[in-house]
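Consider the single chain below, provided in structure tokens and representing the form predicted alone.
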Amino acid sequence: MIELKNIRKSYKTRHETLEVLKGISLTVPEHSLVMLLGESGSGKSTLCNLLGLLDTATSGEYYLNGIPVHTLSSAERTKLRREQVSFVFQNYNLIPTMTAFENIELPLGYRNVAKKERLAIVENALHSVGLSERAGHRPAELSGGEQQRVAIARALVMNPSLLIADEPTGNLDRTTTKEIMKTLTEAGRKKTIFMVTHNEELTSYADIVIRLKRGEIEL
């Protein structure tokens, strides 16, 4: 579960203090697919950075699965992020010299997962996104949709409780978008997913739709 209580985020410039988030409060149950919409500058990226433990709020309370994130030290937040949060980006962020298999396997090595166990986990992840036959292909040899599915599989092998997807279908055509949304919807049965999108059509997949306007939730 995610709970935010009166979250505010401000940035100081040379001439003023810019308030980006203006008292965000919300509760999201486990295993929900949340769509986050809003115009550029509405605070979507800032909110995702806070949820993903990449940044901290100026004030307010953030609870991730009961853990009071707002009370944690920087080192504690980093540890929690590595254990519970994964990210998927619009531009895939795959390593071009590595195969699909190796890209998915990489974060498991950082956790010192045994080689035999890594092989089984990656094979299962590839199967879950329908890419078992493309395991040995590098990103340049894959379509955009296939690259995004590799990126999703890489995020999911970490078994996060929270997956943040920033415009994951932004570069994809309608047919491929449906494939990616099917993958994310299935993943959402076991994870909480926050997905940023500009595509109103995709809200039909969501359990919860949140619209931001000038740093506030639009009612």
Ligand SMILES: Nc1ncnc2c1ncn2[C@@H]1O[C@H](COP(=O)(O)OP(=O)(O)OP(=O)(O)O)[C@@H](O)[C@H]1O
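For clarity, every value in this text was computed on a predicted model and none was experimentally measured. The numbering used is simple: start at 1 and walk along the sequence shown.
One more form of this protein, predicted in complex with the named molecule, exists but is not displayed; see below.
This chain is drawn without the named molecule; in the predicted bound form, the residue among Ser45, Thr176, Ser32, Asn171 with a heavy atom within 4.5 Å of it is Ser45. Using a 4.5 Å cutoff between non-hydrogen atoms, Glu186 does not count as a contact of the named molecule in the predicted bound form.
In the predicted bound form, no heavy atom of Ile210 sits within 4.5 Å of the named molecule. Heavy atoms of Ala206 never reach within 4.5 Å of the named molecule in the predicted bound form, leaving it off the interface.
Using a 4.5 angstroms threshold between heavy atoms, Pro68 stays clear of the named molecule in the predicted bound form. Residues with any non-hydrogen atom within 4.5 angstroms of the named molecule in the predicted bound form fall in just one of 23-31, 148-156, 60-68, 36-44: 36-44.
Residues of 180-208 that come within 4.5 Å of the named molecule in the predicted bound form, judged by any heavy atom, reduce to His198 alone.
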